[in-house]
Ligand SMILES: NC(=O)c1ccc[n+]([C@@H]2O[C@H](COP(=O)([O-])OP(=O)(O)OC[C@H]3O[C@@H](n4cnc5c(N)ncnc54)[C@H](O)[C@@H]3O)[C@@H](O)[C@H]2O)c1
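Just one chain is shown here, as structure tokens, and it is the form predicted alone.
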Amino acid sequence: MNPFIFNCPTKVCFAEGSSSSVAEHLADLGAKSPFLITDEFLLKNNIIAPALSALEERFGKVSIYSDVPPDSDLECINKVAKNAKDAGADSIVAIGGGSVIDTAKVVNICLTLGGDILSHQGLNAIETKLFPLIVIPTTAGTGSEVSYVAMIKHHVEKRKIVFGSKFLAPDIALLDPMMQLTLPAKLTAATGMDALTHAIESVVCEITGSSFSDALATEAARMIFKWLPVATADGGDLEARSNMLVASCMAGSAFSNAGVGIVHALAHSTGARFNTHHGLTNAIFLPHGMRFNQSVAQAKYAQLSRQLGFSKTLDDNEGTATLIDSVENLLKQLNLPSRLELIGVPKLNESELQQWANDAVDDPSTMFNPKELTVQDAIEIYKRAY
């Protein structure tokens, strides 16, 4: 067994209506002037109302920023950070999906440490505790509520910037399924496939993975295969929403320790250039990434296939094929696109393909993948996925 370290610094609280306890948790962390980050839809539709009411009852008028885009960028970070500083914030509450939570994480760096935000990019560049951060996820997919990373778009360079440190992990994640009842079916399916990608990729990251991360990822995958179709078909099914919320958080904890791989690298490169939805892009690349890794990760895929009840054979090749078939069948069941062309990715010429592939190969996610990705490999995967 390889040596490993497993961390989960975030306190996770699950309960229906738990979002209304945010003020109590924040006070326990010593906060006096919280700043709330969310998006326009959640604010206008009063989805954040229980949390906001609790915050205002405890702390008085709370400053809010609600103009976070679906794929947050440096311009947004700088704007939110200025607003938070001007408000005298000493803590942050984030209510939203992955973009909102990642924005809050990076804003917290600016608020706590100051300086040029780009000087803090990369892995383990942050070496000190940040201001208190509590997050309430409104999607079940990114796992950002427990992860140590944040991805922010750099429009000028057309790439995603990664910030990674154990100090980026939120102090508390409040998992409240009531916050997800209005999430549209397509977004439910897409974010759920993001969580499944986290689970499957983390299982085959053998160098950084462990029995702890494998156990979380395997159970998360089991729950997602069972409950994602239900939550997509009936958004009001509280049991399905609850299970997806917990599964996403478990997969987030798994990949935060084990890492992700080339599926995420390919999705990051694609999303940065063509503004594609991260979950949808992962979903399309996932079967192709698994086939690419099969020559070195077949035993792990087959074991997962047997643990999930998809395969009863001891033949690893057959078990892996069954798992990949199950992923593709889930995509069909969810009525999600299976090709890049269907999500607005243009057909790239050779020069464009080279640059896109270079960005994918240079993505930090590739360092955890069980098999090295070359530029030519990435190009071939693009052509098969197109």
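The structure displayed is predicted, hence computed values, not measured ones. The first residue of the shown sequence is 1; numbering continues from there.
The following text describes the form predicted together with the ligand, which does not appear among the structures shown.
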Residues Leu52, Ala94 and Thr112 are flagged as a possible site; in the model of the complex, is every one of them within 4.5 Å of the ligand by some non-hydrogen atom?
no
Ser248 versus the ligand, in the model of the complex: is there a non-hydrogen atom within 4.5 Å?
no
The ligand contact at Met179 in the model of the complex, heavy atom, 4.5 Å:
yes
Please run the contact check for Asp39 against the ligand in the model of the complex: heavy atoms, 4.5 angstroms, yes or no?
yes
Although the ligand is absent from this view, report whether Leu304 comes within 4.5 Å of it in the model of the complex, heavy atoms only.
no
Spot the stretch among 133 to 141, 86 to 94, 210 to 218, 283 to 291 with residues whose non-hydrogen atoms come within 4.5 Å of the ligand in the model of the complex.
133 to 141
Contact assignment for the ligand in the model of the complex, among Ala199, Ala258, Ala150, Val263, heavy atom within 4.5 Å:
Ala150
Answer with one of Ser269, Ser253, Asn108, Thr191: the residue that has a non-hydrogen atom within 4.5 Å of the ligand in the model of the complex.
Thr191
Using a 4.5 Å cut-off on heavy atoms, what residues in 67 to 90 are near the ligand in the model of the complex?
Pro70, Asp71
